Structure formats: C-alpha cells, structure tokens
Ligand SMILES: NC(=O)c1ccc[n+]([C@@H]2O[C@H](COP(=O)([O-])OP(=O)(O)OC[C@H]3O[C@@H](n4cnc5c(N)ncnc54)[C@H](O)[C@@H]3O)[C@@H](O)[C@H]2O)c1
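In the block that follows, a single chain appears as structure tokens, in the form predicted on its own.
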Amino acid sequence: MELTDTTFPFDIAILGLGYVGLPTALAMNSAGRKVIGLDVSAERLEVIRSQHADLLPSDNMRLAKALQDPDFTMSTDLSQLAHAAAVIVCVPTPVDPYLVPDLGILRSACASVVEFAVPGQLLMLTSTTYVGSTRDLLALPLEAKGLLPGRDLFIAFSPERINPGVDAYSHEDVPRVVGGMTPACGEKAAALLSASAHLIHTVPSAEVAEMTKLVENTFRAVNISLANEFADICHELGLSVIDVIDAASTKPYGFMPFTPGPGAGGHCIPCDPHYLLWQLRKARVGAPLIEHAMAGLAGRPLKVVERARRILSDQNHGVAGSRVLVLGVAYKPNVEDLRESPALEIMSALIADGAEVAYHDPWCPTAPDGHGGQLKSVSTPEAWNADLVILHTRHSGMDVDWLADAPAVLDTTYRLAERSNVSRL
C-alpha cells in the first residue's frame, strides 16, 4: 500500500480514540500519513484537543505536533470512514459483570465500517475479540453487499500491542502481527503497518492473528495467577515471594518473572481470556487451567479485603467504623485508567462492611465507590489518620516514607521494606 492514495482525502481513519486508537493515530501521523481520528464521543475529542488525554510523554509530544498539522483531523462524523484509504478499528471489547464478552461497541463500530465501506479500502480490526470475529463482523456483511475481500477491498486483523504508562518500547519498535482474509489482504495490511512498525510478522489468516492476541494475554493471566499462588505459599512458609522470584529470575533461560498483586486490572488480562472461554463454551470445550487462573484473579481483591479484616481485628478494630485509606487506585502505575482496577472492588467491599474509606491517587482525582457515589482523592494521605493503609498502586514519585508511622499497612505490591507495621496477603 502506497504511503498516500490520491483517490481518498485521508490515508487512514482510526475509529476509536482511546488508549489504543489515539497512540495509533499519532504514530501514523508521525509517519507522514494523512489521518482522521473518529470517535462517537465529542467529550473525548475535546479532552484530546485540550491535551488532557492520558498519554506517555512521547505521545504527548506527538499530539502537540499533530494538533498543529493540517494532515491530522478529528471528527464524530462516521461517514468520513468512506473517505479514507484504510480504516483501523480500535474500540473497547469489555466483559459484562457476569464475565461474558460485551460485543456491543465492536459490533456497532464494524456496522459503521460496513455501511460506509467503498471499493479499494483496507479495513483492519485491532480490538481483542473472539476467533472469527473479523470474518463475522466485516467479511461476511461486506460479501452480502457484493464486496469480496481480496478483490473489491481488503480485510485484515492485527492485534494492538499498546502498553499504557510504559515507555520502554516505542510504537515503532514493537513488532506487529497481521493476518488477512486472503493473502492479498495480508500483504496490503502489512504494507500499511510497516509505516509505523519496524517489524511485521504476517500470519496465514485473520483467525491466526486473532488467536495470537488471546494467547498473549492468557499467558500473562495464567502466570500472574501462578505468582499470586506462590505469594500465598510463601506467606504460609514465612518466605518473601519477591526474594524467591528475584532469585529465580537470575536463570537466563526457562523462566520469566511475573509478580503477585491485588488482582489484575485494565482491559487486557481480566477481560481478554474470557473471549476465548466464551467461545469454547459454545463448542463444549473445556480449558481448566485458564478457567482456574481467571477464577483466581477474579477472587484476588476479596482476599485483600479478608486480609484487611484480619489486620484490623488484630488491632482490636472491627471493620465497621474503621478508617481505611487506599494508596493508589489506578490499575497500574503511572496511568489514570480505572478499568477493572481491583481497588474499586476492594473499596466497595470495605464500604459495604461499614468502613470509612478514602483514597489517594494523583492520577485519578475521582473514583466510583461501588454504591452509586463518587470518592475524591485526598490530597494529604498522611493526615487522614487511617487505621489501615492499603498500598494498591505505587506510582512513580509517590511518597511512601510516611507509611513508616502508619498504624498498619497492607502492602499488595510486595515491594515495601519489611517493617513491624507492614503486612502482606
């Protein structure tokens, strides 16, 4: 695919300008493409225009340049999809409270792509989803309109590989996997991605690319769950799990370190494996290892709550009436993302037990309390006089020295120095 296609006003339309779509749009713009970013939320576009989006410093620099670039535009008008040589779909694929995939946003986005598709376009999904979704949601509806992949237009899947809050790898240095509905589709998609990624790995089909993403995040989920189990085992045996993991990490082969914590948040780990499990249930195929790992991750926040109850009891406090401060509520350090954060379930459960709960997180000024209300981050956590502090997320630069004087601390990061007032799960 040529860098520019004069038959279309835009080289690329990015549908969905969230944690994946916005960095993708900025990388493509930085590579010299004419980009239009599309999102159904006018509020989201205003956040981006005001440069208040949650981005890495490198992407913030790209955004400042892009906002001054006439080749970078944004709109809520989805009919603009017809004016781009390539369309990349980057919308959320969450699960509902019953851990069933919620495909509503993806179905709606794909329906818009199908509605405005024109011959010659490349249409590519990046949202994590079930195996076969590219075929079901794009290829088959377009074939029903008489547009065949590989002949009239090109359809592919390339899983996103954005790591929010981590700048260890630039967008261009992360290899991209891509699979097309036909070999010609794969070639077109690989050529497009090569403008913003140095290494492209083309696989035989869209289905292989879809499964690749599910394997990546299921691998992480299983290993985090295993690390949590070892944390529990080490606690019973009076050992530091971090000492054990750090020692095992000295082996240069056959081991990859994962660290325990209060659960798993964000979009990928707590959600993506359920797309695979959901699909397997329809086929009556079991995946007991994955199922056990996901159940363990889902139950981890309530283990934190139970441990908090025991610590308060040891201080002769009941949970009801106790003052509990959660330090850091984002799902990972250095992001303002609360999606699936274990902290939300922890705070909700403690509030339900009658505790007075507050939190401090400079990245997240407000957070839902789980009971229809909102909590606001306290500005001086050390002055809140908590009976128990739960260290949930330790952002860069976060002051934790004052925890030495706290009555009791529950360290879910496993990284605080050993002290008489520090407990772990």
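Numbering starts at 1 and follows the sequence shown. Values in this document were obtained by computation on a predicted structure and should not be read as measured data.
Keep in mind the form predicted together with the ligand is missing from the figure; the text below concerns it.
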Interface segment, criterion being heavy atoms within 4.5 Å of the ligand in the predicted complex, picked from 261 to 269, 344 to 352, 235 to 243, 286 to 294: 261 to 269
Contact test in the predicted complex: Leu15 vs the ligand, heavy atoms, 4.5 Å: yes
Ser196: touches the ligand in the predicted complex, heavy atom cutoff 4.5 angstroms: no
Proximity of Thr73 to the ligand in the predicted complex, heavy atoms at 4.5 Å: no
Interface membership of Asp39, the ligand in the predicted complex, 4.5 Å heavy atom rule: yes
Ser133, Gln121, Thr128, Thr218 - the one with a heavy atom within 4.5 Å of the ligand in the predicted complex: Thr128
Option touching the ligand, based on a heavy atom within 4.5 Å in the predicted complex, out of His317, Arg300, Arg339, His171: Arg339
Residues within stretch 187 to 217 having a non-hydrogen atom within 4.5 Å of the ligand in the predicted complex: Lys213
